[in-house]
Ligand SMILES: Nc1ncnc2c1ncn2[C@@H]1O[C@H](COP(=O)(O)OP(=O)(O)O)[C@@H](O)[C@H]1O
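Take a look at this single chain in structure tokens; it is the form predicted alone.
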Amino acid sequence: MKLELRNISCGYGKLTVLNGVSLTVDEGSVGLFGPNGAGKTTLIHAVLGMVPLQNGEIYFDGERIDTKKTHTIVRQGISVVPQERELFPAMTVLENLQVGAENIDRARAAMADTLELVYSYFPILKERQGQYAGTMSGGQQRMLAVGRALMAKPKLLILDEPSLGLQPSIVHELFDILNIMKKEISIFLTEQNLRESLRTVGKGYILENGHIVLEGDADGLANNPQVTRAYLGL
């Protein structure tokens, strides 16, 4: 599995949000870090074909995808957990999970096995499988959103600000689970919470004002004075 962004620029109307961004996501886990407004979510939208490129190209497993429709890109093996989670609140946990597999043939055929895998990562979802999603806590809903994305049997799981709005103990638990998951599936996450993220990712990129300003492995970023001063409060 390999996702490559090659010198992409994109935005909304006349507004350019990303300018000349290049990055690579391969096996394991990769993080994209930066403040609000840096362009992290726009980058995810570009990968999904929701924002047209002004320049550059995007490749997934060696095939160019920036000219394709979103549903085609998803079927090629990319699942996204958006900031807003976008669950079906009046449906049960189990029904939400099943929806994640419905529109992809390989996922639908393997639904029972994938469901057990999701339950192994998130036992609370098995305990609450008959509960309506809208009545769950914020942390449980985040876990359900991740589980639903996994039901599509993706090659790459993208998480947009997974810690957003969660209390610290739940954030820590979620990243512990992501640490386990990355052994089985490639993960690309965007985050402001570097402290937790650097426990999980193998390498990371710092995005500011639409530009990649720094990249390196997790240890290198954690020990970089610029990063510790700006993002870790040290």
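Remember, it's a predicted structure, so these values are computed and weren't measured experimentally. Quick note: we count residues from 1 along the sequence shown, nothing fancier.
What comes next is about the form predicted together with the named molecule, which is not displayed.
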| property | result |
| --- | --- |
| Contact label in the predicted complex: Thr42 to the named molecule, heavy atom within 4.5 Å | yes |
| The named molecule contact in the predicted complex: Pro35, any heavy atom under 4.5 Å | yes |
| Contact of Val17 with the named molecule in the predicted complex (heavy atom, 4.5 Å) | yes |
| Gln129 within 4.5 Å of the named molecule in the predicted complex, heavy atoms | no |
| Listed residue that, although the named molecule is not shown, lies within 4.5 Å of it in the predicted complex (heavy atoms), from Gln83, Gln140, Thr92, Gln98 | Gln83 |
